[in-house]
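The data below hold one chain only, encoded as structure tokens and taken in the form predicted alone.
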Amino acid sequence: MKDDSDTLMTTLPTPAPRPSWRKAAIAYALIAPPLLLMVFLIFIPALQSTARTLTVDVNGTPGFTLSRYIAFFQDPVSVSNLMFTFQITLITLLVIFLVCFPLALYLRFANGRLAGAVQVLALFPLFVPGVILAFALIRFLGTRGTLDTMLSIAGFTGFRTPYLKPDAIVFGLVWESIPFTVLVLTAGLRQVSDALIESARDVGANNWQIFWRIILPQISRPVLIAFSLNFLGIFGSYTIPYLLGPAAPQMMGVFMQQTFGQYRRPDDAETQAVITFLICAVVGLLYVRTVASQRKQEQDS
């Protein structure tokens, strides 16, 4: 009986595998809504704006032309605002990494209540809207604000507020970017094996050698990801530069809004938007390439 049942089971037809086209159809159906949303809300408007800047000149005459871009780079105010945006972005990125790298290293290797409290404080700005953050900084950094009052009580006079100056923009953008940067860097640091670090210490490596030769090479991708996403957010920021920054020069987000809304020059604002988009697209390609290479490496391993 046992042999007969085994023979019967082996002779039963096995269920046919599910057709691969069904799995592919389900996968494409799941990704279709966000993909279509990106196409219709981002890519198509961006392509339309780029095409208009190349097919209609500054006088409204149709035909292929670069006159809008030539006019932008010949305008001292436009070039000044673009260079100011680059300056604020690069300074802010530098300060972000100077602040967030030590925080991420501490949170990676420290334990206890103090580390938990530091993590809560580092992530707190993540839950504060940009508008609330800007007004809080105005009350803190402004003339006769909290900082000025505390310094006066301590006997320090001559405080010069950074409010309505480039320093206030950097301060606000750094504060706003700390939570995301700390999260990305800490996640990257947690991929570094403790056993590898202990092995390096056993052979006589000091902390600086461990950081430079072991930790830093293994977190190069998280660093590039944090750099790329922070660059995109800072370069196109609007709320904090508008509320905290000077009237001139302006960052590109504020400059575009005023060109479109206050000066009623939508064609010029569109050209500014396309230039900003192309600059950010270059950095975006760096992010996509980094993520793609990381995924390929994970698949190969």
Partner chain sequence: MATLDLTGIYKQFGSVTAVHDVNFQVQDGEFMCILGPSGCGKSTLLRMVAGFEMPTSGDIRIDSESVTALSANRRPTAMVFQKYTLWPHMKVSENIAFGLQLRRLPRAVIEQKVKESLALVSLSGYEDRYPAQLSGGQQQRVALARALVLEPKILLLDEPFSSLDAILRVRLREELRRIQRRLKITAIFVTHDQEEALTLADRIAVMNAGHIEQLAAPSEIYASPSSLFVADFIGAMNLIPGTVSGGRLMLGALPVDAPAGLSDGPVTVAIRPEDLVVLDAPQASAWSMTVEQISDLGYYRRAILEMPGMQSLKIFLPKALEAQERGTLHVYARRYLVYRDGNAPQEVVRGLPVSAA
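Being a predicted model, the structure only gives us computed values, none of them experimental. Positions refer to the first chain, counted from 1.
One more form of this protein, predicted together with its partner chain, exists but is not displayed; see below.
Highlighted residues L196, G204 and R213: every one comes within 4.5 Å of its partner chain in the predicted bound form, counting any heavy atom. Q209 is the sole member of Q209, S152, S80, T143 with a non-hydrogen atom within 4.5 Å of its partner chain in the predicted bound form.
Of the listed positions (G112, G158, P217, P76), a single one reaches within 4.5 angstroms of its partner chain by any non-hydrogen atom in the predicted bound form, namely P217. Remark: of stretches 217 to 225, 180 to 188, 122 to 130, 87 to 95, the one touching its partner chain in the predicted bound form is 217 to 225 (heavy atom within 4.5 Å). The shortest heavy atom separation between A200 and its partner chain in the predicted bound form is within 4.5 Å.
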